[in-house]
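Here we start with a single chain on its own, the form predicted on its own, put down as structure tokens.
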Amino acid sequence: MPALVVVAHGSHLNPGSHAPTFDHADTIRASGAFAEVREAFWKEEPSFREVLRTVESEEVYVVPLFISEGYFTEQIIPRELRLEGWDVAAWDSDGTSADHATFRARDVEKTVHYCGPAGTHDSMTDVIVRRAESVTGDPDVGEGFGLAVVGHGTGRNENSAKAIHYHADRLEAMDRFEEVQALFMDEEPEVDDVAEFFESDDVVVVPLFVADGYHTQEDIPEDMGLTEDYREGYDVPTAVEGTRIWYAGAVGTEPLMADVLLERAADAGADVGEAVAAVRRRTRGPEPAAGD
């Protein structure tokens, strides 16, 4: 049986940033879909560079737990894994459509199926919806609600914004929410002005970040006006300029993310059997009851 390696950024400053990676890996490990499941990080141990040496399987599926294609998925991870002959053109991507490509990893003699990031997979749209359901306690949330999909935004990599717009467009096409808007921290349109972009009285805000940390727990709540000081906390929902803001926190903490990682591997050829369905049943759990 092949192995699965989930690679994520990690952090020296936020000790909780690795929690979603370990949680989702544990969920997949329990499914029995792979002989081994490993986690690896850029800023923590185990490292990208060493992780393949900890794997016994000769065939490995590597799934980046990143939101968008860019510097880390296109340069850092392939370099650290020592993928022989890596060329980003192998993904044949327009910035959101990276699927998978197969290479040999130098010095460990393993076949590596390198997958596109979890954050651009189509099933991420389901995770965003699930966040809206969870934060409102309503499995049918949508009518009368706006939905803001929030990304970091950066002038250094246009693909960062592409991923946010991609899911916002898919969500709008679902025709479930009254309004859908892509917003950003560091570029226009900015999340600071969230209430100005919606006519709906209720707006769910879902940040497309892997883990809760400085941006999702401090910057965004303060920027939106939920609180003047994040240490004082805030209510969910909180009224901002007459709009009730339902702030969901980082999408990567949603248990359903484990399903996305499995689907990435399955798309690359992994025989996961019934694991995808089993993990989805486990991670969705009971539907939230309206009014809870």
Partner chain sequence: MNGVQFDALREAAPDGVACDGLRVEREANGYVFETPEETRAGLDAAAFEATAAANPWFVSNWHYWQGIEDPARRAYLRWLERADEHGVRERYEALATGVRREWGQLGIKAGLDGDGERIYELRHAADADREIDALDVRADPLDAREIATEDPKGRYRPLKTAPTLRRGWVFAALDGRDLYRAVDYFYPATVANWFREREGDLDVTHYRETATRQTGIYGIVDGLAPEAVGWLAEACCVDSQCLKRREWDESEAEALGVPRGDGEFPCREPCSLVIAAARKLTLLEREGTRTYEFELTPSEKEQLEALVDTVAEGRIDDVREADLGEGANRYRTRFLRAKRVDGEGRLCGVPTREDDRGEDGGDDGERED
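Given the structure is predicted, the values throughout are model-derived calculations rather than measurements. Numbering follows the first chain given and starts at 1.
Heads up, the form predicted in complex with the partner chain isn't pictured, but that's what we're talking about next.
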{"item": "Any non-hydrogen atom of Asp26 within 4.5 angstroms of the partner chain in the predicted bound form", "value": "yes"}
{"item": "Exercise: Glu241 in contact with the partner chain in the predicted bound form, heavy atom 4.5 Å", "value": "no"}
{"item": "Proximity of Leu13 to the partner chain in the predicted bound form, heavy atoms at 4.5 Å", "value": "yes"}
{"item": "Exercise: Arg282 in contact with the partner chain in the predicted bound form, heavy atom 4.5 Å", "value": "no"}
{"item": "Answer option from Lys162, Arg82, Arg170, Arg176, heavy atom within 4.5 Å of the partner chain in the predicted bound form", "value": "Arg82"}
{"item": "Which of 103-111, 134-142, 87-95, 118-126 sits within 4.5 Å of the partner chain in the predicted bound form, heavy atom basis", "value": "103-111"}
{"item": "Residues of stretch 33-56 in contact with the partner chain in the predicted bound form (4.5 Å, non-hydrogen atom)", "value": "Val37, Arg38, Glu39, Trp42, Lys43, Glu44, Glu45, Pro46, Arg49, Glu50, Arg53, Thr54, Glu56"}
